[in-house]
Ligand SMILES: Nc1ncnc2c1ncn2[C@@H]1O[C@H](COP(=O)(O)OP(=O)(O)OP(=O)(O)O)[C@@H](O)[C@H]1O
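In the block that follows, a single chain appears as structure tokens, in the form predicted alone.
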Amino acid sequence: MNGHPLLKVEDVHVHFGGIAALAGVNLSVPEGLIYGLIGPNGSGKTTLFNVITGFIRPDRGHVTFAGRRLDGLSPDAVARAGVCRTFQSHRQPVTMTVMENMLLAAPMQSGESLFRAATRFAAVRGEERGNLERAYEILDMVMLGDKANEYAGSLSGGQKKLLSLAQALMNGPRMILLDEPVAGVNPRLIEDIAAIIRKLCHGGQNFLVVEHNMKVIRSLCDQVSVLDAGHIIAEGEPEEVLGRQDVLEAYLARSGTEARPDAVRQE
């Protein structure tokens, strides 16, 4: 891990009507880490993900990735620049197989052009074979190799999360933004998902993770930032940040929970 900033969010503002969803957010995510983004419901985490990945344009401020400006780019252009994301809810076509979903996620497929498919048949077939081989390799990596020919709708909630991760990996991104990767997942699969993320990080994959499960945040993330009411209020190593009184008060105030030092740790 070299700690160099890979993703930078600088003075980003987003308003929805008279509501400030993000109010001058600054975030610097170093390379080589699993970086966590936490905060209470409504703090702006998903809005920030949407800004980074091109689904929302900020009113002010900018986002850079590996020195390149991302704000103003479309989501597909952001993905081509090396940043992909997953979503809280499952978006795979449930009547397609796992493998069909994987091939659907493969970028820049020449066969999608009728002209190229007709005039460069051999090259298109070779590309399709390469995508198929890569898809099988990734599915094995995320423990879905034996599910390739099953319908996506038959997968468990945790397996659908893994399929979302696998589809992101098909793009060969330099950074993946994971939105609630273990939410609603069977406890037995949570540690498997965390272990897969750690292994991918050790192999050079960078992650920015939004997650409410504090046990997972503490065990998985190298550093975290806390977002509250559109502001970053703390950042650092999980154990240190989660023990801060201001973080406890911000994180628990909206649920009406008493701000005890052990409250966030036990979530």
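Treat the numbers as computed from the prediction; the structure is a model and nothing was measured. Each residue number is its position in the shown sequence, starting from 1.
Keep in mind that the form predicted together with the ligand is missing from the display, and what follows is about it.
Contact check for Met96, Asn149 and Ser156 against the ligand in the predicted complex, heavy atom at 4.5 Å: Contact check failed for every one of Met96, Asn149 and Ser156.
Single option in Gln92, Gln88, Asn131, Asn171 placed near the ligand in the predicted complex, where near means a heavy atom within 4.5 Å: So the residue touching the ligand in the predicted complex, by this definition, is Gln88.
Option touching the ligand, based on a heavy atom within 4.5 Å in the predicted complex, out of Thr47, Ser28, Thr53, Gln223: Going through each option in turn, the one that passes is Thr47.
In the predicted complex, segment of 214 to 222, 39 to 47, 198 to 206, 65 to 73 with a heavy atom within 4.5 Å of the ligand: Every other range fails; the passing one is 39 to 47.
Partner proximity in the predicted complex: Glu127 to the ligand, non-hydrogen atom cutoff 4.5 Å: Although the ligand is absent here, Glu127 would stay clear of it in the predicted complex, with no heavy atoms inside 4.5 Å.
Heavy atom of Val9 within 4.5 Å of the ligand in the predicted complex: The answer is no: Val9 has no heavy atom within 4.5 Å of the ligand.
Contact flag, Asp192 vs the ligand in the predicted complex, heavy atom cut 4.5 Å: It does not: once the ligand is placed as it appears in the predicted complex, Asp192 has no heavy atom within 4.5 Å of it.
Exercise: Glu180 in contact with the ligand in the predicted complex, heavy atom 4.5 Å: So Glu180 counts as contacting the ligand.
Within 4.5 Å of the ligand in the predicted complex: residues from 148 to 179 (heavy atom criterion): Going through 148 to 179 in order - heavy atoms within 4.5 Å of the ligand in the predicted complex - there are no hits.
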